[in-house]
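A lone chain, given as structure tokens: the form predicted on its own.
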Amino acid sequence: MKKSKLSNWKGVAAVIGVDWGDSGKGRLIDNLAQTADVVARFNGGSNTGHTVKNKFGKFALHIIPSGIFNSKSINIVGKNVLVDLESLIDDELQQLKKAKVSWKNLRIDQRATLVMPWHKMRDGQREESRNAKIGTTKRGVGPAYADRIERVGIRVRDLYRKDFKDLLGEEIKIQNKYFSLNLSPSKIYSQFHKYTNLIKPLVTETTSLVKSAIKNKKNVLFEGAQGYFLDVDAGTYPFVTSSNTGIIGIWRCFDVHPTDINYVIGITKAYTTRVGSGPMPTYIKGEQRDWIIKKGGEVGTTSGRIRDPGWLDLVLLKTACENNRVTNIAMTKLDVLSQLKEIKVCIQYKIGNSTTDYISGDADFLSSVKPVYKTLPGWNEDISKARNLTDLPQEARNFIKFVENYTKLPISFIGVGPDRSEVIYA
């Protein structure tokens, strides 16, 4: 595949985080969605946050796909996405309404599991009771996915059952009895009855929509949430999320085989960040840490927590790219590294005198490794106006080339600022 094609992609594409998330997926999707017929979200829930800044304003989306600003594309919330109606209706749709952005092209899968009030309560209670926090956002995502796996979750289509009030009442009895909650059936029913009427025009079966679009040669863009190293199976367990954040999540959500995807775009920052608990081998300390947090605006969209910065971890990046058959890398926030005299990249892990690769599903392992760095010269120039590789200072081009050579993949999208236009398609 030629690097120049990403700015004018056609076929089936997917954007996944090849780090711990917070790498700018919303911004990238907003760019790529301009030529998409379908934008489909396949994992996570309101525990995720995609920030989009465009001509309509600045938005913090949690469930709605970031392609919603293209009025010609259908935006789909798939069956494996957890639907938090409070976030969707009282927050996200209100943001769009205020900016006069239509959501008539939004579709919600009728089989998606709902996040209910008791999920949020239990999520917060359990996190508070832990001595070692796992870093949950307390949005109820873990308990809701647990109910889904236990086959007792309430789904979107249950809202339209004639006996929904009875179904809800029975579940609330169970929650109050076994989890010592004090939930009001009438209050919750009233709240969800209102939500039911508001979303009814948006509810449908979405797998057939996606598969039909692919069959008819439409441009389909899959939007991942969070990053690969938060994947419940492949990430640094237990400091992970409760869904599959990698390419396998698309297969599980829409029955689309990974081999049917033409472009798998792995997105990362020019450095590494992690919010919440869990190991990060390249953690940066001292003044450089504070400087990157301030310049990069490293505060979580959903949680409001500080994102801890680290040097770019090429061991993790290459692992995520290989495991997900990434075809192109998108790198954001290259501009944040400007004015640093030296820039480090992690090229190897060591335990004692031995080198090691990443082992998935094991936070204890990652806590025990020591990073081996390659130090590259930095640059002083403001690069926000660069629109071609040749506009970048030589040191920035050398940094890009080093990452490409290490991963053996092209970096086809380079963010040099937060706005939609501040990008280099290489």
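The structure presented is a predicted model; accordingly, all values stated were derived computationally and were not measured. Don't overthink the numbering: it's just position in the shown sequence, from 1.
There is another form of this protein, the form predicted together with guanosine-5'-diphosphate, and it is not shown here; the text below is about that form.
Between guanosine-5'-diphosphate and the residues K120, R148, K79, K333, the one pair within 4.5 Å by heavy atoms in the predicted bound form involves K333.
Contact with guanosine-5'-diphosphate in the predicted bound form, judged as any non-hydrogen atom within 4.5 angstroms, is confined among 371 to 379, 48 to 56, 394 to 402, 357 to 365 to 48 to 56. In the predicted bound form, V416 approaches guanosine-5'-diphosphate with a heavy atom inside 4.5 Å.
Shown alone here, R107 lies farther than 4.5 Å from guanosine-5'-diphosphate in the predicted bound form, counting heavy atoms only.
Among heavy atoms of K318, none comes within 4.5 Å of guanosine-5'-diphosphate in the predicted bound form. Along 20 to 42, these residues reach a heavy atom to within 4.5 Å of guanosine-5'-diphosphate in the predicted bound form: D22, S23, G24, K25, G26, R27.
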